[in-house]
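The chain below stands alone and is given as structure tokens, in the form predicted alone.
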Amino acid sequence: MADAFDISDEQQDYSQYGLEANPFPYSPVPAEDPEIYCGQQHVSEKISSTVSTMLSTGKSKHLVITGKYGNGKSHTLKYTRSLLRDRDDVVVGYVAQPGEGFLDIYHEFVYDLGFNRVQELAYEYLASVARDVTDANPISASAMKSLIDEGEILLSEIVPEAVRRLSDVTHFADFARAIVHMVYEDTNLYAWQWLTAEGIRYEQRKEMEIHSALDDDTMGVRAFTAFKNMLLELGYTGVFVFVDEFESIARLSPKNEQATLNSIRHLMDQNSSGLCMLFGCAPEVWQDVMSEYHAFSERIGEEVALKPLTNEHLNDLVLDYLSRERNGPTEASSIDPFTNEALDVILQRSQGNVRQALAICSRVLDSAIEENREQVTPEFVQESM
């Protein structure tokens, strides 16, 4: 029976098409940091406007991106995130899906930032305090860490003042203590668990002098707001939150769905500055939210819809993917080995769905190599399906 399989790690040769490899994904799911964005201009313009407004004015602004499954919502959110993540003046978090309520959104957001980033922010805050209350002048998180490690600054000198100031900024003393404890070796994991709403024992909270549990949506909104206020105090422009698959709230009970939307609404109401939320949502669920939960949908304000691909979009998409692996004499602007007519057939078969179009392109290109075809014609696309 083993002879029935022919498993090999031998790589396919795509050089006859001037390609290093098959550029199309076999499983077309969005990359974590997409390099290619097949822009639908009205979508990219709306996102650019929303993001730019927050960056330039500091005022909160939110947007929902609708589109059917496979039309590129996740890809659009992740591509936008990749454009913002390297900026020094903002903090960016991605939430794959909203879960059972706002506390899950908060948990995923903090978890996406990661332990090291939150600890770095804690050192950054301590540095700002140390500049005021000591003779040292740490200008970064790493400089602050070095001063503490070398004994130049004692935590006992600055922690009480840091907790007091951060409590004033955030109006949440327990959050302030948890942030400060991110720099203590003995308690930083407890602090991380509390900040991510994973839950810790009473004894562990007592060790950090934290009195409350971060275990419901109300506390999640409070902690998120405290976190954003700390960032503004440190000089950041604001926080970007990308919430994907927002349509999954439709699976919640009506009571939980309303509670989740109310919590997000409260978050927006409490953060008129420094917050930009972008949601990816199926259009039918967003229409229901628009019709049933006015108080929430009115806070979003704007919606932009991803539409099925056109001939021009598909041509650009295929060209971008081919260009990534182009190495031969074929012109970079050529869609060879695909013909324009072949792309027409792919567009029809995929019904303009990005995910399906990429899957077909990948499959057809491999078939063309196996059969040593000079070009991918409409007839060959039909045969390969």
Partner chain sequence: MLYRQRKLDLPHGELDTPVLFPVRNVGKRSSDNTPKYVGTIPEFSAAMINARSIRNRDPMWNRLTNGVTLREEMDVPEETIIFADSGGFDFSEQEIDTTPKKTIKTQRKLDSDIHGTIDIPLSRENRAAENQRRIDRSIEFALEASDLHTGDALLFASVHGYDPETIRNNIQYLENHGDFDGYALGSMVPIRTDYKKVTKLVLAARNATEKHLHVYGLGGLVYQPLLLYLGVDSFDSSAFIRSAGNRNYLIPGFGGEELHNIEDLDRLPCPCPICGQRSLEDIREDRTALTQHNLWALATELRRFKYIAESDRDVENYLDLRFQGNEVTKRAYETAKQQVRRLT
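Numbering follows the first chain given and starts at 1. Owing to the predicted nature of the structure, the values given are computational and were not obtained by experimental measurement.
Keep in mind that the form predicted together with its partner chain is missing from the display, and what follows is about it.
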Whether 149, 159 and 209 all lie within 4.5 angstroms of its partner chain in the predicted bound form by heavy atom: yes
Listed residue (183, 195, 221, 241) with a non-hydrogen atom within 4.5 angstroms of its partner chain in the predicted bound form: 183
Answer key: of 153, 278, 281, 309, within 4.5 Å of its partner chain in the predicted bound form (heavy atoms) is 153
Segment assignment from 287-295, 184-192, 231-239, 100-108: heavy atom within 4.5 Å of its partner chain in the predicted bound form: 184-192
Heavy atom within 4.5 Å of its partner chain in the predicted bound form: which residues of 298-319 meet that condition, in order? none
